[in-house]
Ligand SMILES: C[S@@+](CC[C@H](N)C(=O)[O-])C[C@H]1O[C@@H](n2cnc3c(N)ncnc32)[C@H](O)[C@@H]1O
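Next up: a single chain in structure tokens, the form predicted on its own.
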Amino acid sequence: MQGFVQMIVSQFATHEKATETFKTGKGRPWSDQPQCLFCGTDRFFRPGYQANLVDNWIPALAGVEAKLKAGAKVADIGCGHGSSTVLMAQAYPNSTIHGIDLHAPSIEEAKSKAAAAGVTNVEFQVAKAQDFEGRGYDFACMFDALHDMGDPVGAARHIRETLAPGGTFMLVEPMAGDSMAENMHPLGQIFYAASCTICTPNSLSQDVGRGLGAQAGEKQLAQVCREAGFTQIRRAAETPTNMVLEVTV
């Protein structure tokens, strides 16, 4: 919740811009947000990754944990400050984790976090989810980022095209039902609030501008994956804050 407070502070710090963005619907890119938001977002989601990513989420996927232990090529798309990238690099030293994000300052912070953690099996690149470099990824993952993207189908399609045969895409998104009524609880209201001034405006600022929002729900997320060419979508795990979808061809 301390991270959430930082996110609130970031929006009050630029409240005039946030209000204008909401009124006009013109969109606001992630890069136009205050630095406090980037730190707050990482701080908000990181405890959930620390508690669940290695111990619960990856083991819930068919055959993925064994691949990572043996040595796999991994793409962490939309890695932000690199918390998830570093966690996987520490847990699976035989694998190489590629952290990818459009926001160059966040990639610099991710590199610093990796250096401080002493992990060497990481690589980083500044790129869009729709055109990042590399092929033959055994495992691709995205944490709380697909709903922010203007073209989530294009992003998911590119991920599918970069996967090795038999590869798996793990999509982690904020926990949400498929209707507003299902989401009108305290956590859902937090996600809706962030979606109004952060997530949806970021999507609307990009090409396509699908505007899924932070409460997209499994039905919409699965539809995006199917439009991208994936055929198998399964909810593999969940926590009070996140759902974990196993997505394969």
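None of these values were measured; they are calculated from a predicted model. Each residue number is its position in the shown sequence, starting from 1.
Quick note: we don't show the form predicted in complex with this ligand, though the next part is all about it.
Only one of 114-122, 144-152, 89-97, 161-169 places residue heavy atoms within 4.5 angstroms of this ligand in the model of the complex, namely 144-152.
For residue 45, a non-hydrogen atom is located within 4.5 Å of this ligand in the model of the complex, even though that partner is not displayed. Using a 4.5 Å cutoff between non-hydrogen atoms, residue 138 does not count as a contact of this ligand in the model of the complex. Contact annotation: residue 206 falls within 4.5 Å of this ligand in the model of the complex, judged by heavy atom distances. This ligand is not shown here, and in the model of the complex it never comes within 4.5 Å of any heavy atom of residue 192. Contacts to this ligand in the model of the complex (heavy atom within 4.5 Å) from stretch 55-69: none.
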